[in-house]
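What follows are structure tokens for two forms of the same protein chain, given separately as structure 1 and structure 2.
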Structure 1
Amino acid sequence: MLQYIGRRILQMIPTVFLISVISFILIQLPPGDYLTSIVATLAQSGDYLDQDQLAQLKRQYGLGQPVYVQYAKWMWGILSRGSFGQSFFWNRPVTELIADRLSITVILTLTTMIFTWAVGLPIGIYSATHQYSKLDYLFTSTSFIGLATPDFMLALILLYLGVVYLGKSYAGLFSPEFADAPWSFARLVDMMKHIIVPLIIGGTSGTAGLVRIMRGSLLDELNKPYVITARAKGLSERKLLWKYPVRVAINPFVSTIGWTLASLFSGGTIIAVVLGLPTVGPLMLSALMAQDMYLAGSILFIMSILTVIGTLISDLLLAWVDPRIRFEGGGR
């Protein structure tokens, strides 16, 4: 097992390097740069920059250098100082900007994921073991509606209902007095009071999808010969269900932990924009729109690294959950 983990970590090194190159190139692909956005903004208000001013700003931001030189400086800052560069738009270090929103992003996304699993898995198991019952039809119909409803539209509907019928806004995660306050127990409690709406919106489609996948996977396992054999040998239904079919049926969810780990960092961008949530997702969107290459490239790079790490964790968990899976070269 240790050899397998060590081999996978060694394979991750060139993968992460390639990801860093691709991330930086992707940020450079749109025409223009950050100065282009500044010039366009000034032009709308009737102001213009002459060529000397543009040249000075290019030297200040390092935008006049070749792409490979900019990449080398960016990567050297990450490796030598742990610095992801300076945000052009915010005029602050990228690490500070990400750190300001990271805790809220992780709390919100992790809470949504726990809610999704805690609700979706039991319902999916019940629907599979009570196929064609009234509750199975109800859960199946509800899950189809949940999958068909866009998250941003559900957010807009809840915001409208809250303002029109309840006289209160569900936007944001904090009351005005706690919006810019330092972290404290009172601020955490205030956030938990406001997190219900984002939790429901973010968890609706995820829960609906999990119910459908779990139901289908478990139904497929319940009809396999090993289940019929175990039942014929007198194994109780509860023990049979949880010892074999459920462990195999959750493989699709374990294998997607790699994506979940990246989502812990980014959060639901569209939902966050609609609800005005201070997470990393809207920060990346604004960086892309302003062509803030160091901020956008760093967020994309970190998300990619988390996906690679999550893939390794998924493989290890799959081998632990499913006894049929063995590591290469023998042994678990």
Structure 2
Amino acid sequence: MLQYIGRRILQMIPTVFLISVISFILIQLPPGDYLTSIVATLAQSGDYLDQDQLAQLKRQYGLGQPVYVQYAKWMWGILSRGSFGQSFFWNRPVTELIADRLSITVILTLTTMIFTWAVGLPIGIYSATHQYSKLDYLFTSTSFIGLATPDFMLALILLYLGVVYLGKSYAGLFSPEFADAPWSFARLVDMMKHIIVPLIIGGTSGTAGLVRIMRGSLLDELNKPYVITARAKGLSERKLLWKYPVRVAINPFVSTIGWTLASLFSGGTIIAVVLGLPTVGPLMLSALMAQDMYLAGSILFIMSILTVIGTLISDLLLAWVDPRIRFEGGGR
């Protein structure tokens, strides 16, 4: 097992390296750089920078250097000091800017994920064991709707319903009266109320996918001869279900953690923009608009790294759940 873990971690290194290069190149892609956008903004207000100032700023931001030098410096900063560079727009270290928002993002994503699992797994099992029952139809068709509705549409619809029927906007993380208040129990309750909205939105599409996967793979298992044998030998339905088919059917379910995480980050970005949540998503959008390259690139990089770690965890879990993977020592 230890050997397996070690190899998987080693395999991660080239992936992470490639992701860092891709994030960096992506952020370099827009024509011009932060300075051109400053000059353009200044020109609009009738102001301008002279050549000396421009050159000085260029040196200060390190924008004149070749791309690979900039990349090497950025990477070195991350590896040696854990510093992701300086945000041009905010004129503050990227690490400082992301820190708060990242923890909220991670908390939100993880709670959504647990919610998704807690709802998706039992429903999937129920749907498979009660195939073609009324509830199965209800769940299956709801999951179709969940898959077909983009997250931001759901967010808009929920906001609308909140305003019309509850007379209250559930956008943001806090109600206005708690926005700047110090931490208290009431503030925590208020935050919980607001977190439910993104939780439901993010959870719906995720749950829908999981229900379909669990239902499909469990149905495949239930038709296998060993289930019939076990039933013929008089094993109770409950034990029969939980001890064998569910354990096998959960494999594809476990292996989806990686991409569930990716899609939660992905969907979370746009939900956060609609709901005005203080996660990294809206920060990235504004950074992209302002060509604040280290900020945008770092966010993209960190989100991808978290996804890679999620995939690693799901692979390890899979090896733990399924001895075949562990003993064959096989790849994926």
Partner chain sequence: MSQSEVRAQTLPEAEAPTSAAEAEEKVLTASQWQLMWWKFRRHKMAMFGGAFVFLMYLCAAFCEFLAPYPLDMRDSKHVTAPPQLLRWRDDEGNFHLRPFVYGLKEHVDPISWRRTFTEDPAQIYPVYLFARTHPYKFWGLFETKVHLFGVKGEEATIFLLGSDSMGRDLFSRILYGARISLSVGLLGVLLSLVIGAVLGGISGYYGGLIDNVMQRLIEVLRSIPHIPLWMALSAALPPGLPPQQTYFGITLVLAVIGWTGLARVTRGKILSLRDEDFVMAAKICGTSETRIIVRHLLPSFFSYLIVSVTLSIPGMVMGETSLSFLGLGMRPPYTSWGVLLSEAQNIGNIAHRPWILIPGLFLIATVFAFNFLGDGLRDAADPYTR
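We call the rigid core the largest set of C-alpha positions that still match within 1.5 Å between the two forms. Here, residue number means position along structure 1's sequence, counting from 1. Keep in mind that what you see is a predicted model, and the values were worked out from it rather than measured.
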Given the two isolated forms of this chain, which one is the form predicted together with the partner chain?
2
For a quick test of reading the superposition: does Tyr226 move by 2 Å or more at the CA between the two structures, rigid core aligned?
yes
Core-aligned, does Ala99 move its Cα 2 Å or more between the two structures?
no
So, does Gln131 move by 2 Å or more at the CA between the two structures, with the core held fixed?
no
Given the rigid core as reference frame, how large is the C-alpha shift of Phe185 between the two structures? Answer in angstrom.
5.2
Looking at Leu18, what is the CA displacement between the two structures after core superposition, in angstrom?
3.4
